[in-house]
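Read on for two forms of one protein chain; each stands alone as structure tokens, with the labels structure 1 and structure 2.
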Structure 1
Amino acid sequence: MTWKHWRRVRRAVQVAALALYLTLLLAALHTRAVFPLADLFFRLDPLAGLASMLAARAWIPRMGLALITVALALLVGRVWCGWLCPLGTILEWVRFPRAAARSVDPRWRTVKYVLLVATVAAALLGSLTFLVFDPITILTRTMTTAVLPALNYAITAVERALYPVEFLRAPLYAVETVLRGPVIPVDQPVFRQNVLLGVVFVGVLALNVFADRFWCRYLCPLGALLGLLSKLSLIRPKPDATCNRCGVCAGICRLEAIEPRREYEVIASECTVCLDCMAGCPQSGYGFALHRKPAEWEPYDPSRRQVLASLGATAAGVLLLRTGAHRKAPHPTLIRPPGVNDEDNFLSRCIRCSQCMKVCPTSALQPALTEAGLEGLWSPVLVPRLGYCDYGCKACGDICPTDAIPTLTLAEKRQEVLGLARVDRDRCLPWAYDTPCIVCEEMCPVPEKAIWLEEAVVTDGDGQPMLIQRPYVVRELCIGCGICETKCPMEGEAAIRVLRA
């Protein structure tokens, strides 16, 4: 096999890895049954693993799989980036014709190391906010909040258009029975900030205008971690004795990871082992060579001063975040997923993967913007008006790779108190308008019902006495699941609201 063949193998692996990623994404979408390896790509992510273990001060077994990625990097370099990373693959496919002609100052490469240092430093202080920059979290968050809901809408809209056509109804039904439920959700999922998160993602793609795989080269903190590890990699591509310094490889390399001034040395920390140079070398003069010595420190690799500065800045930032007013008086709508009782502990474990939001069958879990302060950015919060915590479901705890949301039995989860419901007697149909309605009581899933009804005699429109039932919440029984608020028929703000208990 020539290097050209191997390059084809690499592309096939990329496609397969992306396909696997997407399959796993759909395997745990709006469902109570969580496929055990649904979070595989997060488990393989050493940045999320390192940061969460540092922050939690604990070995997190599920994230231990990332050692495979670490071992790969120590063996052959950033194979993850060039072969496996689903975001990397997408970014490799998004090409702009003139990107190669533009020159980006190589010092931009430092940025990813600064992000890496910040991520690690914040993790040491118990904060995982910087994992919002982890590539797997970026992709999954975008898929969850923007892409999949939009796709679902598009499919449903096409169906809606085709449904009235009589002869299409049978095939449509056939397609639906296969897709709806197992693959696409029955209810249209909606997410706050979906436009913002979509735009952020498009921004990451659009950076390719300036350079191929801009994100991977200059910004990705996971790439930085693997880059540092790759400096120690045992096997690296290397031109052999037949090299006539023609320079073709340096022109081919889309990551500009070949240094012509040092005998066309491949820069281990920047190389994604894409094999383009090896396949493109006119002399067939490239091979893998064993390196025992670590690779050189490049001018754009972080200096001690830069490391110290970003450490200091991060520490200061975390201190500021941790002394915000929300620490003393948490936002009343800050309702965490079931089983999360200690906010600090939660923030030191939540890697912002957004899988809980993806798996939640009612789309109740939403990305936080400000409820938990800036530190809690894009961590999950329960928004009862949008969805409720299903009494029969515990999927978020099952899928959470770091136990930020604990894995509970269904019986345990049902005991967890998320918040407390409160009837707004100025809006509630029976209280404010003498109109019969008991939807909240009907929906309440607690066996004894946490919403009870008191009876009152009021005068109806014809001046006749009328018996009316008025709902009130029994505090000791309410678990704050939020179904009352979700289903409250009042338009606008619900007449019963669940707030932080």
Structure 2
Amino acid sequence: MTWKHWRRVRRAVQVAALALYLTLLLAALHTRAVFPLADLFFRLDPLAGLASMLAARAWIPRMGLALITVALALLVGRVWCGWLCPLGTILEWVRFPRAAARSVDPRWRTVKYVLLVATVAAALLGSLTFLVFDPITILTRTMTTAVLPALNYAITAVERALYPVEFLRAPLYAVETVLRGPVIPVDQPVFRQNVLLGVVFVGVLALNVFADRFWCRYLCPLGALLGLLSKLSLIRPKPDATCNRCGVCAGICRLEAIEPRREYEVIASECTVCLDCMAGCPQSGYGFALHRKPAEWEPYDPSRRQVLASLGATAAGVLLLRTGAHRKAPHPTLIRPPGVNDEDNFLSRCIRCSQCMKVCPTSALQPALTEAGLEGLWSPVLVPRLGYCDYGCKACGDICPTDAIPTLTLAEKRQEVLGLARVDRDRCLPWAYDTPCIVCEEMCPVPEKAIWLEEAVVTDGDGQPMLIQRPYVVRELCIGCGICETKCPMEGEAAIRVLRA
């Protein structure tokens, strides 16, 4: 096959990889049978694997598949970036005319190495905060909190608008049967910060205005890690004896990974093996060659001084975070998923992948903003007013790729205490307004009922005595699942709230 045919193969692999990513993303919403594969792309992510293992001080078997990506990089370079990464594929498809200007200083490539050093250094100190910059994390978080909820809402709105047209009802029903469940959720998911997270993702795409695949070139810490490994790759693109130095390849390369000043040498750490140079060369002067020596260091590759400065700044930052006020006085609404009993251990394993939020059937798990300080940014917290921890569900622990949320049996999960419910007697209908309401007691899933009712005689509007039942929480029985707060009929803040135990 010619290089043009191989380039078509690459594009087919890109489409297949993105389709697989989306399939696993959607399938995990509706069936637990795919959980062993639902986090496949995170398992193949060497940055997430390296950082989580360093932070946890332990080998995490589920992340061992990342060694496949490492092996590919050591063999043929950044194949992951050019063939498999779903975010890289999307960024390759998003093109702007101005990107051809190539006006960005190459020294900006150093930024991705700074982020890589910061991520690894923070992981050594037990913090995974910088994994918010991991490309698979960025894409999954955006799909979970912004894209899929918006898609579901849009489809539902269109169906409602068209349903009154009688002859459209049958096809709408057919479409609904196909989409509802397998593709879009039955219930509308709701996430706070969805606009913020969506804007961050749009910003990543918009950076392509300045240069093609700007994120991949200048900011991606995973790309930086694979770039360093690619310097050791055995097989790399190289111009051969037929090359007449016409410069076509340098003009074609979207990542500026070909250096004209060095006889059109391919920069191994920047090349994503896209094959564009080979397919576009009029002389067929490019091919793969075996290299026994590491690629030379580039001017924008990290210097010893830059590495030491990044290490020092990261260490200082992590130490400051660890001595913040949130450590001594945790926020009362900081409620973690079931089984998470040690905050330090949790933060040293949570890679902010949002997988748990994706599979939570009630949208109870939300990305944290300030509850856990900057150190816990976008890690999962339970927000009972938006959703409750389903008594019959343990999906978050099943899908967590790093065991930050432990895998529990359903019986074990039902014994986990997440928080403690408290009745606000100044807002509760029976307590404050002598209005009958026992919703919280009815909803409580604990077999013995953690909410009991106290009977009292009050005077109704006609001045007649009336028996009313007032709820109160039995502390020893409450597991803090939050369904009482979710279902409380009071507008605004619930009259019963679950707070940190």
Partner chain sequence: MSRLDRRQFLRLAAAAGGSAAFFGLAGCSSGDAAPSGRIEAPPPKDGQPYLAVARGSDPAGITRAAIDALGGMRRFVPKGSDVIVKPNICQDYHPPEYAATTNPDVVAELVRMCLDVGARRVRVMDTPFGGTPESAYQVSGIGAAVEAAGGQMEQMIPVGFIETEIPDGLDLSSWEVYGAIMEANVVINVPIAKHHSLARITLGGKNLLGVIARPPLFHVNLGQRVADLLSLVRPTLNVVDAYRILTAHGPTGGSLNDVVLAETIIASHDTVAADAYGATLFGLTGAEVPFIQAAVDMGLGTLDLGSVQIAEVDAA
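Rigid core: the largest C-alpha set superposing within 1.5 Å between the two forms. All residue numbers here follow the sequence of structure 1, with the first residue given the number 1. What you see is a predicted model, and the numbers here were worked out from it, not measured in a lab.
Enquirer: Tell me which of the two structures is the form predicted on its own, please.
Expert: The chain shown second - structure 2 - is the form that fits the description.
Enquirer: Inspect the rigid-core superposition and answer whether the C-alpha of D426 shifts by 2 angstroms or more between the two structures.
Expert: The answer is no, as the C-alpha of D426 shifts between the two structures by less than 2 Å after core alignment.
Enquirer: D342: CA shift of at least 2 Å between the two structures after core fit?
Expert: No, its C-alpha moves less than 2 Å.
Enquirer: Compare the position of the CA of V165 between the two structures after a rigid core fit and state whether the shift reaches 2 Å.
Expert: The answer is yes, as the C-alpha of V165 shifts between the two structures by 2 Å or more after core alignment.
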